[in-house]
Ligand SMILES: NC(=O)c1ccc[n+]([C@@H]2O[C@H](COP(=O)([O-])OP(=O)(O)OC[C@H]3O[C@@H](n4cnc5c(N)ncnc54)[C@H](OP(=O)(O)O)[C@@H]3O)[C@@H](O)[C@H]2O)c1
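In the form predicted on its own, a lone chain appears below as structure tokens.
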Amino acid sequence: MKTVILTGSSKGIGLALTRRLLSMDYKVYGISRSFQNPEKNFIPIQCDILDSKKLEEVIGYILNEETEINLLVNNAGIGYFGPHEQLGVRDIQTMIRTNLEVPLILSKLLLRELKKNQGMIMFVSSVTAKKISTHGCAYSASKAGLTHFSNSLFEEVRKSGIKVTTIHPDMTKSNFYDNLNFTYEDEEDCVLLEDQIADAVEYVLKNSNNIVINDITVRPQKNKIKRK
């Protein structure tokens, strides 16, 4: 049985990834602030990932518990949108820390272990990392930084056998939009499903050992949003 550390595991895309990884016979250490009912081979780790000291302690605990970590999935993310001048300073800081700083820290804490096991790091970024995003400048910047880090990290560690993949989802039917003033158009060809992001992750994990898929972008056929 392989072991994965997954952030943002309790809701939305993260919950879909948890269930898919469990179905693929992974032991999942899920890091979140709260949890639903845990399943077999799921170990809930309650932690505010913005508490860097606590996060280091959590990773130390997991490394002491496990003989081998095979996969790190940096999934936790948050978005605040609107004209940039209207964003709160704390909201900007929270986005940059959650979407960029935390994945950098977790990758650093686990690189030695993943090198030893020739493991994999996955990042859940966003399609906004690849395009101009009005009313989402800071969010897209945080995701673009994550994508650039992922690409650079792969070049740094590929000789050690570590695989690095970034998933770029477009609008996905999830809790991400619960507190925003816009949401997805609830039509089949206008929004992705959480399980379709899990499909992309499973596809990457099931590929041959000699292949590295660095980038997957998943988009619905049509591009529509609606105001609440």
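On a predicted model such as this, the values are computed, not experimentally measured, just so you know. So that there is no doubt, residue numbering starts at 1 and follows the sequence shown.
If you look for the form predicted in complex with this ligand, you will not find it shown, but the lines that follow are about it.
Contact assignment for this ligand in the model of the complex, among Cys190, Cys47, Ile43, Leu193, heavy atom within 4.5 Å | Here the answer is residue option Cys47.
Counting non-hydrogen atoms within 4.5 angstroms of this ligand in the model of the complex, say which of Val157, Ile78, Leu104, Ala141 makes the cut.
-> Contact check passes for Ile78.
If you check in the model of the complex, do Ser9, Arg33 and Ser174 all have a non-hydrogen atom within 4.5 Å of this ligand?
-> Checked in the model of the complex: all three residues contact this ligand.
In the model of the complex, segment of 25-33, 63-71, 157-165, 198-206 with a heavy atom within 4.5 Å of this ligand | That would be stretch 25-33.
Although this ligand is absent from this view, report whether Thr98 comes within 4.5 Å of it in the model of the complex, heavy atoms only.
-> Contact check for Thr98: yes, within 4.5 Å of this ligand in the model of the complex.
Going by a heavy atom distance of 4.5 Å, is Leu21 a contact of this ligand in the model of the complex?
-> Contact check for Leu21: no, nothing within 4.5 Å of this ligand in the model of the complex.
Verify the contact flag for Asp170: yes if a non-hydrogen atom of it lies within 4.5 Å of a non-hydrogen atom of this ligand in the model of the complex, no if not.
-> Residue-level check for Asp170: yes, a contact with this ligand.
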